[in-house]
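One chain follows as structure tokens, the form predicted on its own.
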């Protein structure tokens, strides 16, 4: 028997198993390509010959595979072995997939915890690795000491879909930031300005702008988007045209920035010109789409 079984040894799964070993836990590993188990075996991991053997070795099963369909392909044939165990699924997916997997796990007689890994493999095991969890609170309480080996754990609630919801939402914020950075670097680069010269100024500016985000949260929770607005939507929509025009004049694609212009225009048309940008959230939540 071992403390934990890790199923799936891609870059992330290998990092997870390694972190458990580094914290002194006994670990059983399994992967469809057995060659990937060698490095972990050298560190002390036990290698299972089958998925059933891996599941049977441990009360806590951690799966980290490509997609949810892969999780089913791997675990469905061994579903009977899951009874009485806790399955922690750290495979990236959607809230709907997590909730369906939770039902499936219950049918197998297993407790289910879904997870979202907010880190890259080299970060696993460090305090800056944030792992989001949702699902069975009782199971999380029972195994949180072991799961803490992976990084900073944050339990979100009994709804298994919460961890992937937070995961995807955090990624949306990240990619939105990256979109603006890509556009900025394309513009300055086209003008011959080295990225290394421009980046410190961009980083400082973005950090300064983050200070206004808590106010957005207050506006959204209160529903008041017009009190004490420093830069209203109407003004920003007018100024945003310059960003588009300057990109076109420089021969830089506008494919990343046009959607935001369309949303701003829709907000002004909807009578939100005097409101803050936070008022655009309601438009994104509506079924109407900008043209």
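Positions refer to the first chain, counted from 1. Note that this is a predicted model, so its numbers are computed, not measured.
One more form of this protein should be noted, the form predicted together with a small molecule, which is absent from this view; the next part is about it.
4.5 Å heavy atom contact, residue 70 to the small molecule in the model of the complex: Heavy-atom contact with the small molecule at 4.5 Å: present for residue 70.
Taking heavy atoms only, is residue 201 within 4.5 angstroms of the small molecule in the model of the complex? No - in the model of the complex, heavy atoms of residue 201 and the small molecule never come within 4.5 Å of each other.
Test of understanding: in the model of the complex, would residue 19 fall inside 4.5 Å of the small molecule by heavy atoms? Close contact is absent here: in the model of the complex, residue 19 is far from the small molecule, nothing within 4.5 Å, heavy atoms only.
With heavy atoms only and a cut-off of 4.5 Å, decide whether residue 33 touches the small molecule in the model of the complex. Result yes; residue 33 sits at the interface with the small molecule in the model of the complex.
Residue among 233, 45, 61, 65 with a heavy atom within 4.5 Å of the small molecule in the model of the complex: The option sitting close enough to the partner is 65.
In the model of the complex, the residue from 91, 86, 136, 102 that sits within 4.5 Å of the small molecule by heavy atoms: Contact residue from the list: 91.
The small molecule in the model of the complex: contacting segment from 142 to 150, 117 to 125, 104 to 112, 157 to 165, heavy atom within 4.5 Å: Looking at the partner contacts, the answer comes out as 117 to 125.
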